[in-house]
Structure formats: structure tokens, C-alpha cells
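Presented as C-alpha cells, the chain that follows is alone, the form predicted on its own.
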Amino acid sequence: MSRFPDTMEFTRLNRPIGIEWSASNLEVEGQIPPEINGAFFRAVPDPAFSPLFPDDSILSADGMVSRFSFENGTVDHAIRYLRTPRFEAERVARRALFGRYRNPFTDLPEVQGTDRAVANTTPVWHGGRLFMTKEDALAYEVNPHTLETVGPWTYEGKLRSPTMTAHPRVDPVTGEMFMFGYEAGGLCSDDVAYFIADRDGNLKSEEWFKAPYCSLMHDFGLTERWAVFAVFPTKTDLERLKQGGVHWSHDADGDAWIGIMPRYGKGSEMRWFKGPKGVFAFHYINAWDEGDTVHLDICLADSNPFPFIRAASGDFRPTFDLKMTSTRWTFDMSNPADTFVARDICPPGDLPRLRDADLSRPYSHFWMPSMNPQGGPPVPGGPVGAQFNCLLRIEPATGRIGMAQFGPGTAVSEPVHVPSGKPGHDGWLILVVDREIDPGHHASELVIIDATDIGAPPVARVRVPVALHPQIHGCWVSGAQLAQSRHKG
């Protein structure tokens, strides 16, 4: 194929851009708060070549690392492809060589056995290192100053798991990073590896356990005492892959299971609770414990939100026709039953952002992109095919909700939070907002808003001279953290 397919995955906001570029002193409208000093890193899936299969997913796209750098009220930007073995092989060939999403049996013979990692999902900072992650492979280390790819990260050869989640958790008190990898025993295996690194980035432990079945396990929960793993019925099948089929399909009648083990415990100490049938959650808001009680707040849907996974399951509903809720699951660890209590806590949405200091602890509020029906129809794009059009500030305990809107035809990405350090002030949120100009073109800007009063006008807008491809996730790295990087500029 010489052109990209005319599908949702590669058109509208998902239209491939494939440009590495950098610019200094971007135009700023308003004033950037002085405490915003550091870098906003974004993980961007942007395919360099048209896929071998026209029904491929944007989730297979090559990973790009995007960086907005802030210093003394100025903003620079740079974006660069991850130089993974997959990207380098296709760059030399000048065409796609790898097949369907997470199906190595569909790769061309000349790249069979080559690392398929694209590292396109989440940037992660820990132990003075920047990692780009995607859950079907190891994390890839990147020089945060130059955006050069260092290579796959194995904790100096100590890590046995060949995969690492895109959602590790960094404890705000201990500085430890908690991670897991599923399909750790190989393609379609039910093995899960749970591993911990100390604040300096040294691997401390790696525990393996068996899940009830091989499931798409995108996120997990962490409390001060427990690690929480949810297994939802989006399943794979090795024979289907060998026949050239899709990696995932969703079982609407399948049971969900929630496993809870001690935070520093053994896999053998895992306890499983039976969940509802057919549900799925990509992202967790937070988890915490109170005595023998464990709470898990999640963004729940009645099926898998990815259209290509639902289509493989015979479910062709549009994404926003799914029943979505923000739900709290509460587990009594002193009760031997495998049941738990569920209740809805706030309007639906996804890509929740919590203050780093609140992770694994009781919390009062969080921020989350959502859909305001009065804000116009969603802009097509992103991994689920439709973008959110507003940002909410939610207090689950009080029911108070604030909303930031950016006008019709806009797409709101996941924000990052920057603390201000001022008593009584909740800091700032930084996010990219895309505005569709017409069905084939859009403009992007970086927006900074008050994290407490998100309905107020932005304190600053940064004009971006080139349209940006939608990110998946992002992270904020302060100037002080960058100064402790293991790499030089």
C-alpha cells in the first residue's frame, strides 16, 4: 500500500503526520506561572509507513516522544521517533514490514523474531531516567534532553518479564515504582509478573502469579498495603493469532476477576474476587485502604472501548453508545466471600489525572476528560475513534464538579498536573487541545489552566505551529528532576 487506509484509524485527527521537528520560543498568549519549570512529555502513536493490513489499529503506530520544555516563561517543543528495532527495520526498507496489532505471525519473513516494540503509550520518569512504555514489550529508555533512544530497559539484565505495563505507580512517599507485565510467560500466556524498583531505579523484587485467563490488563491499583489487579474478559487465542487473526476479542458473557495481594507480598498470597460479566476498564482513578477495607475507583464500561476489539466480538456500537460509569469497588479483606460492593461516584469519562501526592491514599478530587453533550458532537480521532470535548474537576465525596470547555469542534487530551507549592492553591493543569478546522485538518495549542478553578479562562495558551497527532498519555518532569537525569544534554 502506498497510501494510508481511509479508515477512522488513519483519518481526521488520526491522520498521520510523521514529522520530526523542533522549535524554540513558541508564541505565548497570557503568562506562564513561574513554578511551571520543566518538561511535559507526551507519548504519540504516529505511523511512519502505511500498514500491511488496511484494518490495522493506530495502537500499532510507531512511537514518538514529544516534549514541551518550560523555562522562565518560555516554551520550546521537540518531537522525535523512538529508534526501536522495528522502526529502524522499516526505515531502511521504506515500507511497513510488521503485520497486525500484536500478532507476530503476520510479520513479513525478513523481520520474524525482531523486537516489535513501538513504545507509544506512556512516558514515565523514575530514578533519573525517562522511559517510553507500551504494555506488550519492555520499556524503552530515552535521553530526556536530546530525545535520543537509549534502548530497552531490563534493570541491567535483572528483570525476567519481557513486558511492562504502561501504568506503573510511583509511591509519593517511598519513591518506589511498582509495575507489572502480563503475557509474561509468552504470547497468550496467563502469567503476570509484579515487580518493584527502589527510588534510585534498582530492581528490588519480581513476583509471578497466574491470572484466571489471559486478559488485556492495561492498568492496576496500588494502596499503602495492597496491589490490585483486575482481569476483564477481553481475551486472546493463540490459534486465532496463528491463523492471522486479531489479538483481542471481548467476551460479553465472561466474568471479571479482581486479584488483591499484599503490596510487598508473594504471588501465592493473591486473593480473587468475582466481578460483573462483560465489563472493562482501561484506567483506574485511585486505590487506597482503610483498615481491612480496600477501595478501587475506576472508569468502567459495559464493553471494551476500542472499536476494533468490539468489532472482532460482533459488537458494532459507536463508542459513545457504550454504558460508561465512574465506579468505586470496595473490598472487605476480613470477609472470606469473593464478593464486593460497587457504586457509581461521578459522571463518566476517562484518562483521569490525580495529584501525585494522592496516589495510594485517600483523596478529595481529581481531573478527567469527559463529554459534554451540549458542547457539540465529538471530534473523530484518538484510539477509541472519538475525542472528549471537556475537562472535569470532580470531588467524589461532595459531588461538586467543575468544567473547562474550549468551544465546539475541540478535542481535549489527558492533562498533566503541576503543583504550585502555594498553601491553599491546587496548582496547574497543562494539556493539548486540538481544534478541527475541517474534516481533514486541525490546529493544536497547549493550554494552561488553574487546577482549582478550571472553569476560568486559561492563564496561558501556547500556539503550536504544526498540528500535533493525538497523544495517548503524558507526564510532567520538573526542572529539579531533569537536573538529576542520568544523561547529559
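Start at 1 and count along the sequence shown; that's the residue number. Quick caveat: nothing in here was measured; it's all calculated off a predicted structure.
Just so you know, the form predicted in complex with ligand V55 exists too; it's not on screen, but the next bit is about it.
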item: Contact label in the predicted bound form: Lys204 to ligand V55, heavy atom within 4.5 Å; value: no
item: Residue contact check: Trp329 to ligand V55 in the predicted bound form, 4.5 Å heavy atom; value: no
item: Residue contact check: Asp107 to ligand V55 in the predicted bound form, 4.5 Å heavy atom; value: no
item: Contact test in the predicted bound form: Leu13 vs ligand V55, heavy atoms, 4.5 Å; value: no
item: Ligand V55: the contacting residue among Phe282, Tyr81, Trp288, Phe229 in the predicted bound form [heavy atom, 4.5 Å]; value: Phe282
item: Contacting member of Val432, Leu59, Ile449, Ala39, with respect to ligand V55 in the predicted bound form [4.5 Å, heavy atom]; value: Leu59
item: Contact stretch among 184-192, 412-420, 320-328, 119-127 - heavy atom within 4.5 Å of ligand V55 in the predicted bound form; value: 119-127
item: Three-residue site Tyr101, Glu135 and Ile472 fully in contact with ligand V55 in the predicted bound form at 4.5 Å by heavy atom; value: yes
item: Residues of 287-307 having any heavy atom within 4.5 Å of ligand V55 in the predicted bound form, listed in sequence order; value: Phe306
